[in-house]
Ligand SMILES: Nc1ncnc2c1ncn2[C@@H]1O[C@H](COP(=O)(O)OP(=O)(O)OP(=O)(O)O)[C@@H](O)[C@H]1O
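We begin with a single chain expressed as structure tokens, specifically the form predicted alone.
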Amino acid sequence: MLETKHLTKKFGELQAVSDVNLSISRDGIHSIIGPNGAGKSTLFHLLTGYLKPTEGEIRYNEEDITGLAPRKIVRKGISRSFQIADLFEGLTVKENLQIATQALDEKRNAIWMSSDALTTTLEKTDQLMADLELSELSDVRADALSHGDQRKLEMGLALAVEPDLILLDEPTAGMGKQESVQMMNLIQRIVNDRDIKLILIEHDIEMVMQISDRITVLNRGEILAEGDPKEIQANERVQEAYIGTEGE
């Protein structure tokens, strides 16, 4: 579904991502883990067009998407969230999701909009709020939400464009254990219900091991190891990479 060949990103002398050859299948949850500074978020930025690679190639469903602008990559069916929630803080939950849903409408900038199109947008917005367990907070401003509900809303913005592939960057960051478990259960349910492929960056290694079908470990911008959770847990090089560090 998604493939990179010799993907590299340099910032001056710093090589944040180095010769990464990644292959993401359509099935299951694929997690990207690694110590702080391993290059995980930089890799996400490259895959979603927020950064252009110094070298290498990115292919999605066998199409070359290397260097495409983020909005064009979204149109291809790839969406994402960020480490820090990126919301329209002065708008309500419903307004946030409605704006994101309207991004799919090619006539969104027209002066006139048919009542059918508006009805469809509202129905999709209501369904998203129900899926995300945010219906009771529909009229609450985004900046008044709890941290956990802000993360749910940001995931809703990513889902609103009806992606085939979604990349979530540390969706449980800043959450307690119970809240993290609830968030991961919600993510799994939505991904399964909507038949979406998920690539995940997550700092909670225990949780990654529980929900992932395949794991890629980055260290210093390079792929250190790849395999199923049991293979990763038993890998001595992975254990060494985490000694004295915490995963992002």
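Note that residue numbering follows the sequence shown and begins at 1. Small disclaimer: the values here were computed from a predicted structure and weren't measured.
We do not show the form predicted in complex with the named molecule, though everything after this point is about it.
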Completion exercise
Within 4.5 Å of the named molecule in the model of the complex, heavy atom basis, the matching stretch of 205-213, 188-196, 59-67, 28-36 is 28-36
Exercise for the section: Check whether S41 has any heavy atom within 4.5 Å of a heavy atom of the named molecule in the model of the complex, and answer yes or no. Expected result: yes
Problem - Contact of E170 with the named molecule in the model of the complex (heavy atom, 4.5 Å) - result: yes
Exercise for the section: Indicate whether the named molecule has at least one heavy atom within 4.5 Å of a heavy atom of I24 in the model of the complex. Expected result: no
Problem - A16, heavy atom within 4.5 angstroms of the named molecule in the model of the complex - result: yes
